[in-house]
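Below, in structure tokens: the form predicted on its own, a single chain.
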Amino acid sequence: MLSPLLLLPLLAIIILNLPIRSLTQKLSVWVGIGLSLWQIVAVVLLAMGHESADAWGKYFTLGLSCDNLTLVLLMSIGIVTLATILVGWQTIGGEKQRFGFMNLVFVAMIGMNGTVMLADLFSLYIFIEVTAVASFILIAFQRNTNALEGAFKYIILSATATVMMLLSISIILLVVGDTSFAAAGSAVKQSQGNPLVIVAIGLFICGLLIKGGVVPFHGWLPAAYSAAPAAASVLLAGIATKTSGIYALIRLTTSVFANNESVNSILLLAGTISILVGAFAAIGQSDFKKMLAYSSISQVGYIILALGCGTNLAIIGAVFHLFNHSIFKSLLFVNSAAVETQSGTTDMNKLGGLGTKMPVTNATSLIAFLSTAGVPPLAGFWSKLIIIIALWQNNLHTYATIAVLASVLTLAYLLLMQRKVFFGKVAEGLGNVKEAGWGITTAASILAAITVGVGVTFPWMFNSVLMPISSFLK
């Protein structure tokens, strides 16, 4: 069942690009929706233990593997990709453009799915780069000045990360003779103090921090998120950068660089700085999408902070917050797409009073920002609570306090956003604004329902779903 997660999107690209474009251009969106739904169902079946024989897998030697961390990411990819396609259907005009967009989404799916199912450093790098190529083209999709600027910043820093990761893999191959997670992890444990190994660890972590947009390597992220088309922003902010940067960091810090005090100290510092820089920068933004971009940097900081803590509970909190972030951040970018599509701007100084005009967008945006700020009983509250408890139990009291205070900052800037965009009198020129189309509102409703559902069912989920996540740490 694992091989089709790579092969079906590839097959879709091949079939849809056969010389029968008049038909395939009309089918591309439906194929994308079908693939996303199939992936969600496949993950549920895998989680329930209904894994069928991987008939296609015997023809390949990629060494695909699946554990509970993989399942969380595959589910996130399926959900966010579905939301991206629904928003793209509504916001990208013309069958030809939608067709091109869908091909890029399929490429991104291959890259992300491959990234989370492989247990080899070089193969991991290959699929991270597949995701990066699709992301670069998606950012530049509109071909205007801002889009090209955002894509240029992304490709420069992404290329820098690529060089770092390749150099790291080369060093590990020379020292270990193998690039599998197991072999590299064993060698790292036995080579404590080896300067080559230390350099390799540092290079790979820096590369992943760049890919994930973590401070101080975040320069590309606000420009890329704000310049990309509305639907592409959902994919990039929701899951693409989280898979290629943050997931890979979780996997390597637990499987390869585990229990390394220097790595943990760096992650604690990087996580704290990201939380604070992202939150304070978000407060000063007047552009809806740029505020959300800086908010994303801040929220990713919580995941990095939990990784630096390093305990099993902290890792569970990091994985849970990664899932929650993919949902509530995607929801906020879906709603920014709704606002941009209906009003023609993302400048919050030109907006106001849209709550009465766009009730679904208003309500789901409220749910998303309360979850982002960690307000109970929504999903974001529980993942932040787990991280803060883990930090406190590990005597990292200062970091735990900063994490709590930063949530207050998050609440402040998101309340400011909600007030400027949705509350008060209807801004001049927006009197005829209506609710966004069914594609956007459907995506927003699905994501909002997941945010509320996960939060409300948390007491049941903790023992039956979250605790088993830690099995990949053993």
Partner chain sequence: MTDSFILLPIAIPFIAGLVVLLIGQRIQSVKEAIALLATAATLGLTITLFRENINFSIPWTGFGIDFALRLYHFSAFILVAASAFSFLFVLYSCSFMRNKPRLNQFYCYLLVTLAMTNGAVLADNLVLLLFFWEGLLLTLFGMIAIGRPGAYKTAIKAFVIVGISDLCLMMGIGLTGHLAGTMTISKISLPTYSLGALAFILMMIGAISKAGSVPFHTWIPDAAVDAPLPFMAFLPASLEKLLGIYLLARISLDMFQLHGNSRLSMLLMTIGAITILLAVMMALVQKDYKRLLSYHAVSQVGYMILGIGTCLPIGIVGGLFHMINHALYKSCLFLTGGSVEKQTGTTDLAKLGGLWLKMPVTFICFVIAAASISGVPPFNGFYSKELIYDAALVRGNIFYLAAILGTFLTAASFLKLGHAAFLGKISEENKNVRETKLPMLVPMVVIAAVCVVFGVWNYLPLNNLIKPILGEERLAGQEFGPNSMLITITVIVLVGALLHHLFAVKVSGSGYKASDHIRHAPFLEGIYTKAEKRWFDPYDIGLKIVQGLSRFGWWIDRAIDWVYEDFAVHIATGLSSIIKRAHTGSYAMYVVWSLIGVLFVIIMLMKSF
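Numbering follows the first chain given and starts at 1. Please read these numbers as outputs of a predicted model, since none were measured by experiment.
What comes next is about the form predicted in complex with the partner chain, which does not appear here.
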Is Ile210 part of the interface with the partner chain in the predicted complex - any heavy atom within 4.5 Å? yes
Contact test in the predicted complex: Pro377 vs the partner chain, heavy atoms, 4.5 Å: no
With the cut-off set at 4.5 Å between non-hydrogen atoms, does Gly202 touch the partner chain in the predicted complex? yes
At the 4.5 Å heavy atom threshold, is Pro459 in contact with the partner chain in the predicted complex? yes
Heavy atom of each of Leu269, Tyr294 and Asn463 within 4.5 Å of the partner chain in the predicted complex: yes
So the partner chain isn't shown here. In the predicted complex, which residue out of Leu71, Ile402, Ala281, Ile367 has a non-hydrogen atom within 4.5 Å of it? Ala281
Heavy atoms within 4.5 Å of the partner chain in the predicted complex: which stretch in 235-243, 283-291, 82-90, 301-309 meets that? 283-291
Going by the partner chain in the predicted complex, which residues of 204-235 come within 4.5 Å of it through any heavy atom? Cys206, Ile210, Pro216, Phe217, His218, Gly219, Trp220
